[in-house]
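Next up: just one chain, as structure tokens, the form predicted on its own.
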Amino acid sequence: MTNTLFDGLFSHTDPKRQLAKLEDGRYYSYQDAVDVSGRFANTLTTMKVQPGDRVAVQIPKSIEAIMLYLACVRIGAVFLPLNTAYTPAEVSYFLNDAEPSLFICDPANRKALEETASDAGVRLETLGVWKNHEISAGTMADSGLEAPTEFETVPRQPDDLAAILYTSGTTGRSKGAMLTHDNLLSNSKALADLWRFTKEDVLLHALPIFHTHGLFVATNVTLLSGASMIFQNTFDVDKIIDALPQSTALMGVPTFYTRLLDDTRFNRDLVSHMRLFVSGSAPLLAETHVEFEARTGHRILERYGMTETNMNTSNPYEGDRIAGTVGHPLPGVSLRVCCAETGVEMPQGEIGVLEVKGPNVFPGYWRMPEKTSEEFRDDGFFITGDLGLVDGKGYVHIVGRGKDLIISGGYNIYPKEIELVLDEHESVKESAVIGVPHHDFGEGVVAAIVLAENAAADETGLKSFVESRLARFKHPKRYVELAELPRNTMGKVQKNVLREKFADSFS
């Protein structure tokens, strides 16, 4: 028997090939990955972690963190990465909900998290960023150095759990999305094939690894294709620009690309050799697409995914990458647009809730069978909650989240439509539109605006601009100017924060 995910990721690799170049000057080969993940696998086994046990981690990005993930896969445990920004109070919820047998944190945070782990009845160990042989990188690193490299990987079937990722919890209680070995492996295969990854590629990896994008897309695709990584622990413009000449591909969030475009060193000559730029985790503005192509000659490839499904769609590698769309469904993925209330499929070009089905789609939420049942149709399609449409060429357009839909005076209003108009105005850098309680209309539209550099506030002119382009019921009833929009660590605008902040706008 085989271990579906681990054996799949390492099935075509040359042990001598370089896997990663690290910021501290070290290099990791594929054999190093097998050896170090074996050390961690032996360490976890010594700590009595059994197949099916959850291993929760809140640790800084490092190559050792990747090896720990692989070790969990090898012993049949369930990897549970937590956002490094979570407070002890937030971590407490995850530990009590998931009931892991082991919790691993940053050595710098051990004292702050000891009580949290103790209250949840979870063993606490540490793993940090390796600096040198004289400074410990945590108890897991110390134990790993003493453990043997040889480890007989535990067999796991395609439907066995490989990971649990908690949703961002922007509305209500965070839910643990259970991801199987086949969910992760099948999606990596589809992406590696679609995006033409080979062993000749060098991926510039600057994404966090507590999230689907950095861990399961960037890392797994690299491993599966036998490629290499330039592994950077954080996003730093100077380091990115220094590393681009040795890279062939970059995966990022929109913030990566806007920050690069703000730097005059980022130009056509610097990236003329590059093969691929991918963006995801948050919508990319059409103007960023246009500016990026004008500056570099490359068109960013945007894709669409979720915690629960990994990646669902992608703009084509060959063919038109259309700004404002997320391309076509991946091979093996079925996508449809349905009425939220009736579940009836909508005619082409009409807006509805996106539903997906395929080997990438998770089996359900951890210990939430009722919620799982609510989110799946009888024929197996998962209701994403994202509003969108499919155009005449088969391209998927994301309009917004279902929870972001504004109903004002009986009319359905899609924030994205208003945001696109606002973002066209020369004085607006970016915008976010929300609905908040209104005594007369049920909900009133509030537009949060970030002004472009050196632009002066002109609410009268902006109102006139919007009124000339949108029906009256879509007009914002209040405009607010912000220095920046609130975002989570993956760059998504936190509209729940805006709704809370401006909840009393019309009271």
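Everything numeric in this text was worked out from a predicted model, so none of it was measured. We number the residues from 1 along the sequence you see. Between two forms, the rigid core is the largest collection of C-alphas that superpose within 1.5 Å.
Separately, the form predicted together with a small molecule exists; it is not shown, and the next lines address it.
K.L.:
Wondering, does residue 305 line up within 4.5 Å of the small molecule in the predicted complex on heavy atoms?
P.N.:
Residue-level check for residue 305: yes, a contact with the small molecule.
K.L.:
In the predicted complex, does residue 407 come within 4.5 Å of the small molecule, counting heavy atoms only?
P.N.:
Looking in the predicted complex, residue contacts with the small molecule include residue 407, since a heavy atom lies within 4.5 Å.
K.L.:
Hey, in the predicted complex, is residue 328 touching the small molecule, heavy atoms inside 4.5 Å?
P.N.:
Result no; residue 328 lies far from the small molecule in the predicted complex.
K.L.:
Even though the small molecule is not shown here, does residue 283 get within 4.5 Å of it in the predicted complex, heavy atoms only?
P.N.:
Heavy-atom contact with the small molecule at 4.5 Å: present for residue 283.
K.L.:
Name the residue from 267, 246, 96, 412 that puts a heavy atom within 4.5 Å of the small molecule in the predicted complex.
P.N.:
If I apply the 4.5 Å criterion carefully, the residue I get is 412.
K.L.:
Considering 419, 201, 125, 386, which brings a non-hydrogen atom within 4.5 Å of the small molecule in the predicted complex?
P.N.:
Checking each option against the small molecule in the predicted complex, the one that comes within 4.5 Å is 386.
K.L.:
Going by heavy atoms within 4.5 Å, which of 143-151, 297-305, 183-191, 330-338 lines up against the small molecule in the predicted complex?
P.N.:
Of the options given, it is 297-305.
K.L.:
Is residue 414 displaced by at least 2 Å at its C-alpha between the shown form and the other one when the rigid core is overlaid?
P.N.:
Comparing forms between the shown form and the other one, the residue 414 CA shifts at least 2 Å.
K.L.:
For residue 32, is the C-alpha shift between the shown form and the other one 2 Å or more after core superposition?
P.N.:
No, residue 32 moves less than 2 Å.
K.L.:
Say whether the C-alpha atoms of residue 412 and residue 347 sit closer together or farther apart in the predicted complex than in the form shown here, given that their separation changes by 3 Å or more.
P.N.:
Farther, not closer.
K.L.:
Residue 409 and residue 347: do their C-alpha atoms lie closer or farther in the predicted complex than in the form you see, with a change of 3 Å or more?
P.N.:
It is farther: in the predicted complex, the C-alpha atoms of residue 409 and residue 347 lie at least 3 Å more apart than they do here.
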